[in-house]
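One chain comes next, on its own, written out as structure tokens in the form predicted alone.
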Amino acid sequence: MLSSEDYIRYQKQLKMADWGESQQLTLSRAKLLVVGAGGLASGALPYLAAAGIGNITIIDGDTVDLSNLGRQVIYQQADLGEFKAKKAEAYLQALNPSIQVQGIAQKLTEENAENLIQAVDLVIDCTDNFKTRYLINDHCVAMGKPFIYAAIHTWEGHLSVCNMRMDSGKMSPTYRCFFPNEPGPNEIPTCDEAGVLGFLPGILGIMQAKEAIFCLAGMSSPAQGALMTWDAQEMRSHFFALERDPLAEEKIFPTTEDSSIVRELSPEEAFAQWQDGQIDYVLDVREEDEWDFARIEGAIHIPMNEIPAKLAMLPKGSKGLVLCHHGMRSAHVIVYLQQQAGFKHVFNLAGGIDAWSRRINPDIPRY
């Protein structure tokens, strides 16, 4: 039962036509794990607590630094040097004393992830590094727990509700469905390297809070079963629907510690060789929605998860260029083609179709 104080605290949301006491009670019984207490969490945490999520655990081993204050707005100058998880706990408990909040001043690791994730209904990925994202993904998939993924890069944000059973009865994609394996150390610059304006992680964090509330309340959303990209400069979003990829779960596309196995061509090198007839075919392994939105004319389109079944469409002895959005999925396809199918003459388009658009053909839309 909701208390008399709850009816006052949540009166505005309880007045909504699509919201009622049963949904509010669902939130009050929910247990969340928020991994990371930085920019994304600064957007997500206040709205999760204010909405009445009953039990929130925050795990982060970092302390507050002066450089954080431009975007991590739940912290103050006086918090410098303090553990973020503990300061976030105090912030949320002061905002809503009726909920339970626990801040754990540690990193999520292989040693603690299983127990922490097993104890909750939903995980919110507010991290800023790939290793932890894959750790969250793999444990959530193993335990059947949904999680809300978000990430930012310069002016762009990503969002998806992963590993959730949707209204259709199907499970939504995992993080590995979008990005099968961890990129190399220098493939994607960090916020420290590329920079960020504080509103972007804040907005994406608020979106994560919204998706968490929808997920817990059994409400549908376009981010369930799709990867959303949001462009802050153009103020527009695109949703790229993706079926859950059994190949990604089974790791059909194997990992390799030897990154040199994937040979790359810059957009300029690839364009020159294609024009000269040195490249026999171009293979685009992105999803159908991505292909419909932007493509290189003359390319063969086979989505990554269909590659094993459609190998006969590719001339094995000829020289091919493989591409995706930024060059990560295509690199994993090349590893598969070389290690599992015996291809010897395939090259990755460095930077993917995004780099091609920027440096070769600006008429191709970016996303």
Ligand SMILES: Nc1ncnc2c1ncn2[C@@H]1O[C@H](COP(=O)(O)OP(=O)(O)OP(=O)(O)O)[C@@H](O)[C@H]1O
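What you are looking at is a predicted structure, and each value in this text was computed from that prediction instead of being measured. A residue's number is simply how far along the shown sequence it sits, counting from 1.
If you look for the form predicted together with the ligand, you will not find it shown, but the lines that follow are about it.
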{"query": "Candidate spot Val120, Ser221 and Gln224, all three touching the ligand in the predicted bound form (heavy atom, 4.5 Å)", "finding": "no"}
{"query": "The ligand: the contacting residue among Asp128, Glu243, Asp289, Glu82 in the predicted bound form [heavy atom, 4.5 Å]", "finding": "Asp128"}
{"query": "Selected contact from Leu32, Ile334, Val35, Ala49, since only one has a non-hydrogen atom within 4.5 angstroms of the ligand in the predicted bound form", "finding": "Val35"}
{"query": "Per-stretch contact check against the ligand in the predicted bound form, the hit in 102-110, 289-297, 153-161, 139-147 (non-hydrogen atom, 4.5 angstroms)", "finding": "102-110"}
{"query": "Any non-hydrogen atom of Ile59 within 4.5 angstroms of the ligand in the predicted bound form", "finding": "yes"}
{"query": "Close approach of Thr229 to the ligand in the predicted bound form, 4.5 Å, heavy atom", "finding": "no"}
{"query": "Exercise: Thr174 in contact with the ligand in the predicted bound form, heavy atom 4.5 Å", "finding": "no"}
{"query": "The ligand contact at Gly327 in the predicted bound form, heavy atom, 4.5 Å", "finding": "no"}
{"query": "Residues in 11-31 close to the ligand in the predicted bound form, defined by a heavy atom within 4.5 Å, in order", "finding": "none"}
